[in-house]
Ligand code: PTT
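Coming up is one lone chain in structure tokens, specifically the form predicted on its own.
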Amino acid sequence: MKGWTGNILRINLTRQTFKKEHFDEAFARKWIGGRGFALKILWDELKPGVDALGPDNKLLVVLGPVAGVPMPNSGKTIVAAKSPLTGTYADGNIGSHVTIQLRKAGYDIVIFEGKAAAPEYVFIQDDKVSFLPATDLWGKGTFETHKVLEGKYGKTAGILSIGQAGENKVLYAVVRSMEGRAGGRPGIGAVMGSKNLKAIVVKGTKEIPMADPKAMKERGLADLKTVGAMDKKSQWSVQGTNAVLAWCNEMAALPVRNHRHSQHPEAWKLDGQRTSEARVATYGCPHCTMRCGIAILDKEGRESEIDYENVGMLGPNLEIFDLKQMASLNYMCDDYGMDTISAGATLSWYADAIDQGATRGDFKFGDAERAKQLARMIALREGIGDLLAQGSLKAARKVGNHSEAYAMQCKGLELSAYNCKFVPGQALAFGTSAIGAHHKEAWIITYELKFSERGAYGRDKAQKVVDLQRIRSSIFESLPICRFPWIELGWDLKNYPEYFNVATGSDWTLDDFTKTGDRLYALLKAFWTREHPDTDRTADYPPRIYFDPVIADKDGIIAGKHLELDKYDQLLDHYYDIRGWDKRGVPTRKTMNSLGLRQEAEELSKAAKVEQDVVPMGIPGV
């Protein structure tokens, strides 16, 4: 078997033991790697209903057949577990030296089981695993933790760590690496913390297996130069992802004041031009050809690495338009190891709930100093921070008073920084994302606003969402590899099957990845249904407030516009029909069988009826 090492490292933190296991080529070709491997293993090994923060949950670090190979933007690792935020399968795509070092250590998959008796970190070096005390690191932020471990193991060591948010099991705590990289929005950092696992360090010395090493090296190095030149010519890295902020504001798709507004006259203060002018450094992942990590100085003079999602959710969404204050809030979230998207969304929900009279508090939109105080309280679970550490949906359900209607989330995971009150295709992408609302699953908004009728609910939009979910899940989440050369520079999608083929000796086409993407999405939704057997199609709805005419913009290009429930339901029907799912959004037995999921279909049938039409429950509270 080439392209994969074929090795799994299983580590039991309770017993302080480890063992090497193997997977065969049939498994590798059916699931590819990354998300595919993690999803199948967690489906097979986790009992339905297992406590996501208990010792029986499993934390996976997973690679794929092109991960870590010198080629455009291949430094990606998948971290996965059952989510404490959504209660279903969850993962994160993170740039890290772990990608290279774990492959050189001889593994594609690491499975962490149980719980350490005291805080520790694990050091993996080829065939050796060491369990080392982390008492001195516990309670420290991710920046200091990384600095200590990098000083001990070297700058090329692969390091994953958590901050205080992960230690205190904030439900949207992330895993951090290389100081500026983060992954695992649905609480993978909290799972790591629940296991008393402060960090994972990896160093390897072996060769990464390739079907044709010479051809892979020649192709990879040539394409690194080509894509790097494309980025230089396009000037994309000058502003990075934050270049989209001005466009979102212009197109009335910017989250402002907890998505109640979609434009703001002061948004320019945070846009890509301003962040580019304030830049003091630029960072990227291993083998990166288009660095997106733009660092600016915050109010305290610290380097704060930002991108559009951070800026959008911690800036306009909270009505904070002071660049240095926004950067300080971002720095704190990063240091605590807390997802900036969910943090911004949960804080904005809290300010909104106070505004609406649903609860009492001393926080209001635009109050950057109080936002920073609350971020600290969330990370340490102090006072009101203990409630906000649970995310907007769980917090809203505890507060009540109709505040769930404006918790901006799908399936428990907060929306990324795109206001979809009149963008039905992107609303569908958020709603149907099987891990919760995440832009990485299907970023259709540029297609929808540039090349399609904005207010239309046609089958073409449902088809586009499915197409994007297929490709992103099977290629970018499973190889795994960064999507930016394809999205931002137009790097031809056919390059990725070619990389796979050179690495593994295969002859796959995009059609093969498409079918694998359908298999992954069917099992992702089956996982959700197994954990939530009473689910219906409302699980695939965007936030309720988007359907409410009261929050329609009063002026601007979408004045008076909002999503329409009956038309959204038609769009959802198109989506289900394309996927071969039933009316409540569950893959049918016939569909699962056709995708090679016969056994999984049988297991799902024990948890929920697979071919049952369910009448939509509607949108209560609107």
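Just so it is clear, the structure is predicted and the values come from calculations on it, not from any experiment. Just count from 1 along the sequence shown to find any residue number.
Unshown form predicted in complex with tungstopterin (PTT); subsequent notes refer to it.
J.: Which of these stretches, 106-114, 156-164, 182-190, 257-265, has heavy atoms within 4.5 Å of tungstopterin (PTT) in the predicted complex?
T.: Among the candidates, contact is made by 182-190.
J.: Would Asp307 count as touching tungstopterin (PTT) in the predicted complex under a 4.5 Å heavy atom rule?
T.: Yes, Asp307 is a contact residue.
J.: Please run the contact check for Val98 against tungstopterin (PTT) in the predicted complex: heavy atoms, 4.5 angstroms, yes or no?
T.: Flag for Val98 set to no.
J.: Indicate whether tungstopterin (PTT) has at least one heavy atom within 4.5 Å of a heavy atom of Gly425 in the predicted complex.
T.: No - in the predicted complex, heavy atoms of Gly425 and tungstopterin (PTT) never come within 4.5 Å of each other.
J.: Should Thr529 be classed as touching tungstopterin (PTT) in the predicted complex when contacts are defined as heavy atoms within 4.5 Å?
T.: No, Thr529 sits far enough from tungstopterin (PTT) in the predicted complex that none of its heavy atoms falls within 4.5 Å.
J.: Please determine whether each residue of Gln390, Phe430 and Ala539 possesses a non-hydrogen atom within 4.5 angstroms of tungstopterin (PTT) in the predicted complex.
T.: Per the other structure, none of Gln390, Phe430 and Ala539 touch tungstopterin (PTT).
J.: Of these, Leu323, Ile341, Met251, Cys420, which has a heavy atom no more than 4.5 Å from tungstopterin (PTT) in the predicted complex?
T.: Of Leu323, Ile341, Met251, Cys420, the residue with a heavy atom within 4.5 Å of tungstopterin (PTT) in the predicted complex is Ile341.
J.: By the heavy atom within 4.5 Å rule, which residue out of Gly517, Gly92, Gly204, Gly141 makes contact with tungstopterin (PTT) in the predicted complex?
T.: Looking at the other structure, the residue within range turns out to be Gly92.
J.: Enumerate the residues of 464-500 that have a non-hydrogen atom within 4.5 Å of tungstopterin (PTT) in the predicted complex, in sequence order, or give none.
T.: In sequence order, Phe476, Glu477, Ile481, Cys482, Arg483, Phe484 come within 4.5 Å of the partner.
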